[in-house]
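Read the single chain below, which is given as structure tokens and is the form predicted alone.
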């Protein structure tokens, strides 16, 4: 007897009339909706509506010159302007490099290494190390970035020059203009590594101890245990961290804004959109053009999210476990 037949049997046994029976069954079918309603409202209000507003404004010529009353609908002209802009490919290529290097070497690579190391040392020491690594994330952006500016500054203020370059007898200089791409990756990378570190460490500690002990009994090395036991259990956090951090790197620019303000060829796509919409030298803030740049980031983010879900086999991850795996 399936669940529906059992439900009908219970209703008939309780002596419910047909109207109450229908109401009882409908109420049982929609209970989940009331639990999800707060989340649905928040998603619609803070995700879908802003996206719709972004695409709408991108089709207008809104700026400080037109205001909110005298704007006109211009369709895809802003996107045509982006396609013809001489700096489009430069900003796009810089953003791709910045996201790829920061994601691979820090947000995924370093965070996974830290999680593996801190879960294979005494628990208190691992917890203390992870807590210290959270300092870049909880430090105010201005203070954190100014620290990096002091690291890169020329002698006698620069920490790098005073501690490493000058004792070696090498020529001191301001290293920020000399290696700007390296610094924007380092500044954002050390912040992003803490996010994945927490998730990966939690996932590793949740792996059944029986599996870890069985791998030791089978004579597996440390790297074999990482490859064949730990990594397969990290598919969910790997998917989440990769997707979330990619979207975060594509859209965040505050550290780069404070560090260089886009100078030294560090104006990534999100910072370019901000500069056009809110910080132009002429004072004519181009809201329509800036939101068109932001809309392109939204489309790229959606495409990458779909690619990641297919690569990590999202449909397999959300399937109910088979009975032999329970």
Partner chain sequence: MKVNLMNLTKKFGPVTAVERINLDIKDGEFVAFLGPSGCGKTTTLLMVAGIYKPSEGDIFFDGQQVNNFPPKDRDIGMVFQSYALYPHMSVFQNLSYPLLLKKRPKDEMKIEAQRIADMMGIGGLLKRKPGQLSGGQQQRVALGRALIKKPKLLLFDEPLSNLDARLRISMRGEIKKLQKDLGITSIYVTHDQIEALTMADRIAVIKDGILQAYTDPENLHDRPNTLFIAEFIGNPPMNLFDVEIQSEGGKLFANPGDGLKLAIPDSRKPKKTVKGRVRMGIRPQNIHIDSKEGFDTRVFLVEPMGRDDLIVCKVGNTDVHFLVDPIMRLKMEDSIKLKFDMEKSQFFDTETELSLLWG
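Bear in mind the structure is a predicted one, so any value in this text is a computation, not a measurement. Positions refer to the first chain, counted from 1.
The form predicted together with its partner chain is left out here; the points below concern that form.
Judged by heavy atoms within 4.5 Å of its partner chain in the predicted bound form, the contact stretch among the candidates 74 to 82, 176 to 184, 220 to 228, 93 to 101 is 220 to 228. Contact here is defined as any heavy atom lying within 4.5 Å of its partner chain in the predicted bound form, and by that definition not a single one of 261, 263 and 276 is a contact residue. Residue-level contacts in the predicted bound form: of 214, 134, 125, 170, one residue has a heavy atom within 4.5 Å of its partner chain, and it is 214. When contacts are judged by a 4.5 Å heavy atom cut-off, residue 166 does not count as touching its partner chain in the predicted bound form. Contact annotation for residue 130: none of its heavy atoms lies within 4.5 Å of its partner chain in the predicted bound form. For the chain shown alone, residue 233 is a contact residue for its partner chain in the predicted bound form, at least one non-hydrogen atom being within 4.5 angstroms. Contact residues in stretch 36 to 54 (any heavy atom within 4.5 Å of its partner chain, taken in the predicted bound form) are absent; none meets the cut-off.
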